[in-house]
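Only one chain comes next, encoded as structure tokens, the form predicted alone.
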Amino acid sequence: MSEKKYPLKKVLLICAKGTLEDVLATLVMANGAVMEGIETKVFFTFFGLDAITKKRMNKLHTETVGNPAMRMPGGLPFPTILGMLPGVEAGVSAMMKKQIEALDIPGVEEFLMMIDAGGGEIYACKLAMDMFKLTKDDLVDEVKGVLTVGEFYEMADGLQTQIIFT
């Protein structure tokens, strides 16, 4: 006997971290959902706002301190203490960006445009905007609005909906 499947119809992604790898993970998942025809809404909060803030979106970096999954070339664990040395974080971030470019992965700005053009919706968190003293004018044009958490949760109505915290 085969189980009935209920495909995902709507996904709401929450991005709360502003590191390059966390933002890209959110954008890859959001773009994938849009490409699959899934209704997609992305909510950027706290440091995730950096991804949609004009002055910060192209300055995202890779976290080198306190990242237990960080690996050196060859797969050896990255000693956290190295991440505290001057220039190491910038170097690791440059390497990561070079690898992303070599794989032809879109940048943050291009991903946001693709998600928007595909019908995905991008939102900013009102609380985080107030905390960081940002206005809608500080954000990229693809941001549809600034919402409270409650307003974002209201968008989760309907069957076959998932909220994913990246």
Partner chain sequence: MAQKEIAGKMIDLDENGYFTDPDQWSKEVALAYAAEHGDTLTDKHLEVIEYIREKVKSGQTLTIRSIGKSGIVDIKGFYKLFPGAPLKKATKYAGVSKPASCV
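Residue numbers count along the first chain shown, from 1. This is a predicted model, so every value here is computed, not measured.
Below, we turn to the form predicted in complex with the partner chain, even though it does not appear here.
Undergrad: If we define contact as a non-hydrogen atom of the residue within 4.5 angstroms of the partner, is residue 46 a contact of the partner chain in the model of the complex?
TA: Flag for residue 46 set to no.
Undergrad: Is there any non-hydrogen atom of residue 104 lying within 4.5 Å of the partner chain in the model of the complex?
TA: Contact with the partner chain, yes.
Undergrad: May I ask you to check whether residue 131 falls inside a 4.5 Å heavy atom distance of the partner chain in the model of the complex?
TA: Contact with the partner chain, no.
Undergrad: Taking any heavy atom pair closer than or equal to 4.5 Å as contact, tell me whether residue 53 reaches the partner chain in the model of the complex.
TA: No, residue 53 stays farther than 4.5 Å from the partner chain in the model of the complex.
Undergrad: If we take heavy atoms and a 4.5 Å cut-off, which stretch out of 122-130, 96-104, 54-62, 137-145 is in contact with the partner chain in the model of the complex?
TA: Contact-bearing stretch, as computed: 96-104.
Undergrad: For the stretch 106-125, return the residues whose heavy atoms include at least one within 4.5 Å of the partner chain in the model of the complex, in the order they occur.
TA: Read in sequence order, the residues that approach the partner chain (within 4.5 Å, in the model of the complex) are 106, 110, 111, 114, 117, 118.
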